[in-house]
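Shown next as structure tokens: one chain only, the form predicted alone.
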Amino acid sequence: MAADPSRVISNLRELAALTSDENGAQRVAFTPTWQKARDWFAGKLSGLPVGRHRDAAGNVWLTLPGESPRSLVLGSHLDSVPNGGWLDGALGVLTALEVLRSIAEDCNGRPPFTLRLVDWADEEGARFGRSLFGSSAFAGKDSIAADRLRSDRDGITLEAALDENGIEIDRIGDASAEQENIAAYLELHIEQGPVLERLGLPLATVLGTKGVERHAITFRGQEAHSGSTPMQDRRDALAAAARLALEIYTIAGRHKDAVCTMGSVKTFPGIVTAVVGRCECTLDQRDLSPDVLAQMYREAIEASERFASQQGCTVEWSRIWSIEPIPFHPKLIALCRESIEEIAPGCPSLPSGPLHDAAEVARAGIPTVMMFTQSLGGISHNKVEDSSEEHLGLAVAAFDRLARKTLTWLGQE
């Protein structure tokens, strides 16, 4: 019995009605609304022969035992950003539930391999700035020392929020025990970008997640009076930063899928009557190729030094965060493409610019792949986030096929 797209869409709308307001979804991790979503989800398990437990990092797992303890995991996340959309994360969890239900019915509750579903904790990092919290703990990449220092806008620490939710910060690394016997991981997600809509196609295979180089850059010049300092005598730190902000478009433009973003600029003293003496900015660079990512980083440094010199300034760089490009499993990519082609011919292969929990699973050495479905207008993290019901239905059908093909592949290994 194939998965039922109408039940997935109905559940998505029910969840949105329960956990959204006029501004959008409010399922921010470690808040009462997020817990309400998880309690609602638990109520959808009636009649399913599954076990349910929460691991040391707050990830929730469902397990349908199979003939073999080797397991296929389907998952995503129920948490959202503030004022978020109705599909981001939730589509993957509720589709996974429907596929698990469908396979359980077909196998009389006993599939050939164990089937698991995971709702990752705090994928978004919206409250404390720590994205992929639960999945990174699962992958053995927890950062307890840094996490202790994180706080939200109200000054509540992440450690305190975890404690309020029954999670001990010192034990979150124990979540890596869940890796045992996992043979493959599959995740469905909205694209969150405009490419599929531009191509006029509903679905895509995801090749992997782009690597990220994220840096803070400080240009230092000389504060001076804006009225009395001739233009040729200025050491304007903002002018150097502005040139770099334009140059990153040239740097990224040399590579098909690369992106560079200067997303934050602060000037000092920051008054209308003074030449900027110090300018602090951030640069985010992403690509699926480690060589391209390294080249863009070098080019940005060289450009910043050139522009600083031209303006009589100095420049300093410091790394904020980085993660290597994470390619997905070739066989699962092929199975994903095959599943999509059977449902909706014409399947592009795209890299993912945003990070996803699937990236951390792949970092743990587990064969992984993602499937994207089209986002209308390419908009996400916004209350107007949407996908057509037709495309959602195709996504559920294709993901169901992918899960079944993966189970067959596991039996051939």
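All values derive from a computational prediction rather than experimental measurement. Residue numbers run from 1 along the displayed sequence.
Not on display, but discussed next: the form predicted in complex with a further copy of the same chain.
Heavy atoms of Ala139 never reach within 4.5 Å of a further copy of the same chain in the predicted bound form, leaving it off the interface. Although the partner is absent from this view, Asp291 stays clear of a further copy of the same chain in the predicted bound form, with no non-hydrogen atom inside 4.5 angstroms. a further copy of the same chain is not drawn, but in the predicted bound form it has a heavy atom within 4.5 Å of Arg286. Within 4.5 Å of some heavy atom of a further copy of the same chain in the predicted bound form lies at least one heavy atom of Lys210. Taking a 4.5 Å heavy atom cutoff to a further copy of the same chain in the predicted bound form, the contact residue among Cys107, Val259, Ile301, Ala334 is Val259. Put simply, of Ile182, Ile169, Val195, Val315 only one has a heavy atom within 4.5 Å of a further copy of the same chain in the predicted bound form, and it is Val195. Looking at 152 to 160, 89 to 97, 247 to 255, 169 to 177, the stretch with residues near a further copy of the same chain in the predicted bound form, meaning non-hydrogen atoms within 4.5 angstroms, turns out to be 247 to 255. Relative to a further copy of the same chain in the predicted bound form, residues Asn23, Gln26 and Gly221 are all farther than 4.5 Å at every heavy atom.
Contact annotation for 227 to 252: residues with any non-hydrogen atom within 4.5 angstroms of a further copy of the same chain in the predicted bound form are Gly227, Ser228, Thr229, Pro230, Met231, Gln232, Asp233, Arg234, Asp236, Leu238, Ala239, Ala242, Arg243, Ala245, Leu246, Ile248, Tyr249, Ala252, listed in sequence order.
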